[in-house]
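As structure tokens, one chain now follows by itself in the form predicted on its own.
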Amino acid sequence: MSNVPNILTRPEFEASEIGKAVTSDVARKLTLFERISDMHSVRKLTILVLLVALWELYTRWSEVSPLILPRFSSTAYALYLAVAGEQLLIMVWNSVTVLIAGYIIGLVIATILTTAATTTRFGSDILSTLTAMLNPLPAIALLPLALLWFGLGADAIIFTLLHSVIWPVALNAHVGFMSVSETQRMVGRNYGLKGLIYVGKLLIPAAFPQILMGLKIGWAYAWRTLIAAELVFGGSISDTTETSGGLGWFIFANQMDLQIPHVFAGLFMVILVGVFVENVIFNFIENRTVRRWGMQAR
């Protein structure tokens, strides 16, 4: 047995030119360009600058009429005049105050519906039935009813906003609650959590990514509905002064006067408000909650 070669032993091998092997840095200091390009806000800003540059170049080199598409420089100047005269800022504030009122009321109603749907079978049937009936209905389609019931005023707009907020928020929250694992539910029950305490201390934190998505969708729907409603009767919200309406009325009034750069300035302000809310307010909430809790990648 001792004369049998050990075939399981691998022969030794020694690399004679190991010094010539090419190695790379395990970690190296990033260049200034790499650090800047890695910033999320810088990449977004670069896209916006490219779009603006293409807009300006196209309107300068083409024969498009300014009544159809004005130059970006003209739009920027019109935006400056409207902001400097505070006319546009007042109208933006009018729109935002109405939006906040409708958004908060919508969140309260959505919270009640979702809580009932989570804690009782009858509440779940109510939410699923109402969502199937009313969620496909465009909110702006309720505007004629709002005019009949509430007249020309902020109440009619708020009623229209409720439809835009309630269903996406309630539906996303309910789906999030239903997605909470049974293990987490059992832990909550073992701790004696019931009713509203069970929802507040266990379901809401566990389902908060889905809830936050519903809040974003509800905000976007409400903002679009508000601008559309103000395009119809935003100037009748409070009084007859030129700054009594909202941002949608600013767009409509300038369109009637063929002040097309001001129309685009109003549209640009709609975009700016949306970008601010999405990238500042909701991003702040996201960083302080789901990302800090490790529920979403940074």
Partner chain sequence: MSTSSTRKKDSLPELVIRPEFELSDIEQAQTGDVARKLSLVERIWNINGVRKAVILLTLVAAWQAYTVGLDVEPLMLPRFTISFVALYEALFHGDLIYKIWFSVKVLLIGYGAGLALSAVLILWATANRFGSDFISMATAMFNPLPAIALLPLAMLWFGLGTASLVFVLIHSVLWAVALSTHNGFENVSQTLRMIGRNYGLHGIRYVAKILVPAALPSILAGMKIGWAFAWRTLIGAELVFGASSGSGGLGWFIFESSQNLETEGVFAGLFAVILIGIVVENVVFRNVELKTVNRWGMQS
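Worth saying up front: this structure is predicted, and the values here are computed from it rather than measured. Numbering follows the first chain given and starts at 1. Just so we're on the same page, rigid core means the largest C-alpha set that superposes within 1.5 Å between forms.
Just so it is clear, the following notes concern the form predicted together with the partner chain, a form of the same protein that is not shown.
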Report the stretch among 72 to 80, 116 to 124, 100 to 108, 87 to 95 that approaches the partner chain in the predicted complex to within 4.5 Å, counting heavy atoms only. 116 to 124
Examine I285 and determine whether its closest non-hydrogen atom to the partner chain in the predicted complex is within 4.5 angstroms. no
How about L142 - does it come within 4.5 Å of the partner chain in the predicted complex, if we only consider non-hydrogen atoms? yes
Residue contact check: I227 to the partner chain in the predicted complex, 4.5 Å heavy atom: yes
Interface membership of R43, the partner chain in the predicted complex, 4.5 Å heavy atom rule: yes
Which one, L130, I112, L152, M178, lies within 4.5 Å of the partner chain in the predicted complex by heavy atoms? L130
Which residues from 56 to 76 come close to the partner chain in the predicted complex, meaning a heavy atom within 4.5 Å? L67, I68, L69
Given a superposition on the rigid core, I'd like a yes or no on whether V273 shifts its C-alpha by 2 Å or more between this form and the one not shown. no
When the two forms are laid on each other by their rigid core, does T59 show a Cα shift of 2 Å or more between this form and the one not shown? yes
Note yes or no: does the Cα of M256 move by 2 Å or more between this form and the one not shown after the core is superposed? no
